[in-house]
Ligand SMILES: NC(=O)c1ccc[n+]([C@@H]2O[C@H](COP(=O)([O-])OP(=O)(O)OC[C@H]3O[C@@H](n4cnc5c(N)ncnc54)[C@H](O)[C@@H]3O)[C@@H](O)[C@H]2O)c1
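Just the one chain here, the form predicted alone, laid out as structure tokens.
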Amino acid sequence: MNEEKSNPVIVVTGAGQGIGKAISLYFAERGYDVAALDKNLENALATAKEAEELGTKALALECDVTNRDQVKDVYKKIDDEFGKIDVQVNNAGIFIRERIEDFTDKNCDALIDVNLKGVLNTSREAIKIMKRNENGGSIINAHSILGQFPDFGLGIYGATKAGVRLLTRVLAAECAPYGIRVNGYAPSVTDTPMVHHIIEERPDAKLDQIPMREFGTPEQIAKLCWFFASDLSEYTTGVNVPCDGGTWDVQRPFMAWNEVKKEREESK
């Protein structure tokens, strides 16, 4: 008798809301079993419940990615439950704006611990499990446009995201012999709870930076992750792909819209 083929498994950190939740549900809808990890267990449980309602198996686990021992324990539970990991999404992150001269040690350590060391902690445990896969797997890291184009008050945040960009490339090389691909996505202003206040406080100023003149959605990031996880990207590793509507492609992207507006007015 043939054993029933198991679903592929995705693990998402910061799965309780925003981009992490959208990724979890997008993959669940397409037949993935989901391990939803979040520091807030209640939020993780809510995501897992929605994933199960889509007809898949889901596991919710409280996980502080900065806590090495807890991370080890969480991945043991994932291994015990599913026996494998096909996709690991390192999405958990925090955002703090503060001038470098004003930065407190507490805030600096928090950004480094979550945004950079957190990726290291979860990747190390995921790789141990993924190495057993016949067809390897996919690790997907959350970068940021601010890791390439830093902004005032976001020097430390940008430095952690730049570190993840570099880490992604090194991990890609180290994991390639096991068939594990490592890539990253870099959003700009995406409508999530973490940055929704920016959209509310100065929408026009932010839209002026985006050639497509619209804010990103978590679902758009999920689609990019689907590409990274699928065989559509079977020969793609070590890359960082912006998902940002062309943010800062030129110094004044709003000028194109001004010109179009002028053309339309003249044609009336």
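Throughout, we count residues from 1 along the sequence that is shown. The structure displayed is predicted, hence computed values, not measured ones.
Although it is not shown, the form predicted together with this ligand is what the next lines describe.
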| item | value |
| --- | --- |
| This ligand in the predicted complex: contacting segment from 168-176, 74-82, 131-139, 182-190, heavy atom within 4.5 Å | 182-190 |
| Gly245: touches this ligand in the predicted complex, heavy atom cutoff 4.5 angstroms | no |
| Non-hydrogen atom contact Thr66 with this ligand in the predicted complex at 4.5 angstroms | yes |
| Any non-hydrogen atom of Ala159 within 4.5 angstroms of this ligand in the predicted complex | no |
| Lys39, heavy atom within 4.5 angstroms of this ligand in the predicted complex | yes |
| Heavy atom within 4.5 Å of this ligand in the predicted complex - the one residue of Leu120, Ile127, Ile112, Val195 that qualifies | Val195 |
| Residues within 4.5 Å of this ligand in the predicted complex, restricted to 233-268 and counted by heavy atom | none |
